[in-house]
Each structure stands twice: as C-alpha cells, then as structure tokens.
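Let's start with one chain on its own, the form predicted alone, as structure tokens.
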C-alpha cells in the first residue's frame, strides 16, 4: 500500500461515491461524476485509492438463488474436534460450492456457515456426505431459513 494513503479518512465525496455504487455497482463513473458535479477522473482516482486501501474489495453480480433452482438456504453451526483444526476445516469447506459464507465465531459453535441448496435432498447430501465427513468436524446443527427478510450493506 502507498504510504501517503496509510491514514486515509473517507471524506464526504468518498462516502457519496461509495453510497451510489453500493446501491448500483453498474453505474458508470461518468454518471457518478455528473451527479456529484466533479470530473470523471476524480471518481476514477478516488475509486483506485479506495481499492488500494482495501476499502473496496470488489464488485459482483448478485443473482436470486431461487430463480436458478436453489430453494433452500440453511445456516450451519459447526463444532470442531479441536480449535486448532480451524484453518484445515476452512480449506476443506472452500471446496464445497454450496457453502457461500463461513464465519469463525464465539459461542457454542466453532464456525457458522450459510449454505444454499436446490432442495432438501440436496441439503441432506451436502450435510451428510460433504460437510460432516470432513476431517476435524465433530458435528453440525442446521437451521433452515424460511425467508430472508433483510439483506443489506452497511450505510455510510
């Protein structure tokens, strides 16, 4: 990282740029520049700086899993045999495409995962054959989501 940006504070323009793009990442920089009454180059420089700082981690296309045949979302509390097996478990879980989020957490579980499956048979296969058979995983507890009511980014 460039040393001149090491203690970078977001200013109002940065926050406005981020807020617009967090709402719709497909908006061209030139359109953002017009909205904020600055040059397109200013938007480009600010975005590059925020990417270099790790403030912006990337952009992505978000699909509706149900529209492509994935009707079951479940949360999985994972118990490890030993805490020291965390890194190995993460490496193994990365290979299971149905695991879309994974968190190392406090509380009763060692890890907490979000998995997306086509149906209950697919969920059973992912749990029994893919996840519970991994080295270091002692057991799991599954919570099936009936509806996602809120999903959003932080507000700046």
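Residue numbers count along the first chain shown, from 1. Everything quoted here is computed from the prediction, not taken from an experiment. Throughout, rigid core stands for the largest set of C-alpha atoms superposing within 1.5 Å between the two forms.
Although it is not shown, the form predicted together with a further copy of the same chain is what the next lines describe.
Novice: a further copy of the same chain isn't shown here, but in the predicted complex which of 145, 12, 138, 133 has a heavy atom within 4.5 Å of it?
Specialist: Only one option qualifies, and that one is 145.
Novice: Quick one: from 94, 30, 120, 128, grab the residue that has a heavy atom within 4.5 Å of a further copy of the same chain in the predicted complex.
Specialist: Contact check passes for 94.
Novice: I'd like to know if residue 45 sits close to a further copy of the same chain in the predicted complex, meaning any non-hydrogen atom pair within 4.5 angstroms.
Specialist: Residue 45: no contact with a further copy of the same chain in the predicted complex.
Novice: Even though a further copy of the same chain is not shown here, does residue 36 get within 4.5 Å of it in the predicted complex, heavy atoms only?
Specialist: No, residue 36 sits far enough from a further copy of the same chain in the predicted complex that none of its heavy atoms falls within 4.5 Å.
Novice: Flag residue 114 as yes or no: does it have a non-hydrogen atom within 4.5 angstroms of any non-hydrogen atom of a further copy of the same chain in the predicted complex?
Specialist: Result yes; residue 114 sits at the interface with a further copy of the same chain in the predicted complex.
Novice: Mark residue 69 yes when one of its heavy atoms lies within 4.5 Å of a heavy atom of a further copy of the same chain in the predicted complex, and no otherwise.
Specialist: Because a heavy atom of residue 69 falls inside 4.5 Å of a further copy of the same chain in the predicted complex, the answer is yes.
Novice: Could you run down 80-103 and flag each residue that has a heavy atom within 4.5 Å of a further copy of the same chain in the predicted complex?
Specialist: Going through 80-103 in order - heavy atoms within 4.5 Å of a further copy of the same chain in the predicted complex - the hits are 86, 90, 93, 94, 96, 97, 99, 100, 101, 102, 103.
Novice: Using a superposition on the rigid core, decide whether the Cα position of residue 29 changes by 2 angstroms or more between this form and the one not shown.
Specialist: Yes, its C-alpha moves 2 Å or more.
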